[in-house]
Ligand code: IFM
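Quick setup: one chain, the form predicted on its own, written in structure tokens, and binding and motion questions come after.
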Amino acid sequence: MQVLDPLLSPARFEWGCATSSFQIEGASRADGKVPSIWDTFCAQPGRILDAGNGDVACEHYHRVAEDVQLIADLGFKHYRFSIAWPRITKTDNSLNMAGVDFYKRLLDALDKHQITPNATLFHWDLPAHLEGGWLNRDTAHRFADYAELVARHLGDRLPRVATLNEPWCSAFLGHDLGVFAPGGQSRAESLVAAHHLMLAHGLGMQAWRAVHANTSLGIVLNPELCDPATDRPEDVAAARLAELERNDGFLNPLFGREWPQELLQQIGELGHMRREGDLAICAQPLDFMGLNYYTRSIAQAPVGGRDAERGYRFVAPQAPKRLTAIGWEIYPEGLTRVVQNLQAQWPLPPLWITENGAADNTGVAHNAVNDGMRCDYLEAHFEQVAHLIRSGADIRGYYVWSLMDNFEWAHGYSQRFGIVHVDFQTQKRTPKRSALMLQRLLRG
């Protein structure tokens, strides 16, 4: 790609890069930071593929000026990051000013380079001391308290704020599949967690707006595009159930709609956790919605066991398919399909693509990283974004995931999503071919 589509010109379209706190900051015990559920999860043998953790990560906490300089050098004028709840509050839920000061230093550095901050309040690193986590309704109220603290101490410097990142992952990977913190394996409890997350979103929006009414507020979701493995009715039904879980379970509450009956049946006797008036709290007016897209899923009817509780099971795409290093299918047209599916079902606010990227584990050779697969992946998705805008979608920006290689959750440090290579022994940053491609495109 020699030039960007005119619709994606930086003069009219927002280009940024994205990170999250636990994945890059390190300094896991510095300046009063309390443990998160991911600190606890990483300490459990067998949970993380390479036994890694977030103790050091990319040392961003101590290298914030260097990393913001890197963002500026690459030509980005917008930066999406998350604020670590365990840095902001103590175990008694009071303010930890040292944590606030770190984010003030980050915002100072961004301001110096005229880079606009785009903050997310919760990117999965829940404080470990909150008893019951997302299974406890009280956690939603503690999130509102946390949102109010951030609004009071940082809100005048944050023009756009998302409450949650991908609540599906916190609820279902964390409480049903058990592969994310805290590692639960209960279908009904995952639905309780999903509801409390959306309640937290609504309460957090209310708390923030009580302090700063003019902030642009929204949420970041990872909607499902799921195709049936065959045209058999049972596979078609399984694919629809997967989409109901990922999409309707979160988008319906955002717009004051009840869950589908299929999900209400699965929550069973724990349905009493949902109370009258909750949907009205969840359905706060949205100024924007962030969408994270990487790939699609393929579903089959379940054959038994835990899959039967969900009503579907995922299978690998049939060969030959192009895959990223993590094993995800490269399916750029899925971005168009998923956005159009959402537009047909819900009254969406303005959209940002808040994450899109590929795991490409190409290493450093002669002080360079030739991540050609990632370059091709990104270019193909840029074309889809331009196509969507031409088709009438109100998409206003794109954030590449991720600025740099980092702690990739249950995969540890085995998968590299960054456009900048990080040597985790020396912390040396090396811009990859993909970063240099974006630098050239953004500079025209």
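Nothing here was measured: the structure is a model prediction, and the numbers come from that model. So that there is no doubt, residue numbering starts at 1 and follows the sequence shown.
FYI, the form predicted together with this ligand isn't displayed, but the following is about it.
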Exercise for review: Check whether Y103 has any heavy atom within 4.5 Å of a heavy atom of this ligand in the predicted complex, and answer yes or no.
Suggested key: no
Check your understanding: in the predicted complex, does Y294 have a heavy atom within 4.5 Å of this ligand?
Key -> yes
Check your understanding: Using heavy atoms and a 4.5 Å limit, would one call Q23 a contact residue for this ligand in the predicted complex?
Key -> yes
Review point. Is W401 close to this ligand in the predicted complex, meaning a heavy atom pair under 4.5 Å apart or at it?
Key: yes
Practice item. Heavy atoms, 4.5 Å, this ligand in the predicted complex: which of 406-414, 59-67, 35-43, 390-398 makes the cut? Say which one. Key: 406-414
Practice item. Report whether all of W124, E166 and W328 sit within 4.5 Å of this ligand in the predicted complex, measuring from non-hydrogen atoms. Key: yes
Check your understanding: Of the residues E148, D278, D227, E355, which one places a heavy atom within 4.5 Å of this ligand in the predicted complex?
Key -> E355
